[in-house]
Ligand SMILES: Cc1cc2nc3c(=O)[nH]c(=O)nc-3n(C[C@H](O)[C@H](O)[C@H](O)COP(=O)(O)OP(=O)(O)OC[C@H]3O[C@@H](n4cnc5c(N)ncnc54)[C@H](O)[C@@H]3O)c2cc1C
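Here we start with a single chain on its own, the form predicted on its own, put down as structure tokens.
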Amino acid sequence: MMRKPFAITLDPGSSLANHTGGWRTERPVYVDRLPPCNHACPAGENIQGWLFHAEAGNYEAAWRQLTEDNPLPAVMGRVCYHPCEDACNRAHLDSAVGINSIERFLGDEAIRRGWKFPPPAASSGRRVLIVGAGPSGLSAAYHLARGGHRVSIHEAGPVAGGMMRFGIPKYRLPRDVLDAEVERILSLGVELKLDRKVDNILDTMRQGSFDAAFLAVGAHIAKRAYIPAGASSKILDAVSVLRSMEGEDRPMLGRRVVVYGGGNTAIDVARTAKRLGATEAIIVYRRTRDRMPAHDFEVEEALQEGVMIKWLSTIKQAGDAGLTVEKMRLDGKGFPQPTGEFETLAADSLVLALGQDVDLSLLERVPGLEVADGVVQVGADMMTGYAGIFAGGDMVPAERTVTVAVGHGKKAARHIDAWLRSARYQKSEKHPVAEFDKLNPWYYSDAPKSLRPMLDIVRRQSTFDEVQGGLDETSALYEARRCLSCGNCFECDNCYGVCPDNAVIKLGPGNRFRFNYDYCKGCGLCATECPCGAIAMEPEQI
């Protein structure tokens, strides 16, 4: 908790108050530094900004600040891998602020209370086509609609959500949550056309009189590997398995399921197999755990649920009697090398989780486009080599996560809006990052992070109920108040209280302070006692 320092205040008219500017070698200045959580967020959220409202208990204001950048907070609060928490300065004291947990709380609170987005701006008269109703397409649609543009989403599937629906199991993302946040975006007047695959982007733009297009097709095509197999071998791909979970006919995987791969999708399939009744769900991975691309907490949850992992192994053949697996070893550079040692692994089915590709057939015969390594190359403005066609999400070179995709949609929308207005979007310059050594954390006592409740193991192994619960209001409020407000004044009054020269002037709630340099002698007490590092001492100008 913050300690309020003892203060002596002098009347500026007193004979004790001197004009001391000439004595200074340094002067204090208020600064705004970029919080590391904001800096690390791929969606570009003003995390510290919405946490400020949340810790005051003003949840609707927090949600509205959050959704200025991200229209899917209840989804993101469940599926984001929270790089913001990895960057959080609080981790140097005890543990990172549970930013993702608070985001989920705000998203769920908005659904529960029925909060809506404000009406869009006046119509610009311009039409934008979005291909794909996944996270990137929905994000772009939201921001463009708010800017007054008429938006039409063409989605090849029977329902919106993209890989959020067809690639993330229900135990991680309940469908009613996803549906609620999609519907809120559509309520802005966004048109959604389902079962509408775009075969040729130029023809579709011409027929619909669209002024610009944003391509946000997800990576739905599973990569294959050559594995010799017998006629009775049952080999499936992970994307098809997860997609089929959305229908009435669930996949028949058998009692012994082997999953080949090491990413988050492999983890999801193995955990899904256990819930479908598999007595054995085994992941075969070529490297060791520390080199596995899946997130460690997901690996840990899978192991808790009874999923087994064969490290340093690769599948050489799928026969009638089972799978032939070769043991591997890592060379000096960390690459797996064959050992010539084999074993047989019994399996009713083999699921390949080796990554996904994007269907780029809609771009055939579009001049000026550059495609490399299966993705479309775009400029800093997210525009392809064809004027007016932009792309993001899985279609461009980037990490494939929901958070990155949402950030791409926002970024593209800003550039599309500017392009439609014959202008260029100018990104505001960022402040320097507020590193931990810029803070004065001695004002903060230990406050352990609030842990989200987890579903019991038995239900996790047998149902698709949501595994990780959310924080209640008391815990969410506590967690928000753990924020250190890194690099930005939050009006704690420390500088005002410790100044021996009455040189700190309060400007009223929300307006912070200013220095009266006629009385400041540059002692630096204010900077020393500022807990969030929002005061810097600069050399005096002579």
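The model shown is predicted, which means the values in this text are computed figures rather than measured ones. Numbering starts at 1 and follows the sequence shown.
FYI, the form predicted together with the ligand isn't displayed, but the following is about it.
157 is the sole member of 148, 470, 388, 157 with a non-hydrogen atom lying within 4.5 angstroms of the ligand in the model of the complex.
This chain appears without its partner; in the model of the complex, the one residue of 196, 316, 430, 206 with a heavy atom within 4.5 Å of the ligand is 196. The stretch from 341 to 349, 392 to 400, 410 to 418, 325 to 333 that comes within 4.5 Å of the ligand in the model of the complex, counting heavy atoms only, is 392 to 400. Contact check for residue 73: no non-hydrogen atom falls within 4.5 Å of the ligand in the model of the complex. Although the partner is absent from this view, residue 124 stays clear of the ligand in the model of the complex, with no non-hydrogen atom inside 4.5 angstroms.
The closest heavy atom approach of residue 452 to the ligand in the model of the complex falls outside 4.5 Å. In the model of the complex, at least one heavy atom of residue 356 sits within 4.5 Å of the ligand. Residues of 194 to 222 that come within 4.5 Å of the ligand in the model of the complex, judged by any heavy atom, are 196, 197, 198, 216, 217, 218, 219, 220 in sequence order.
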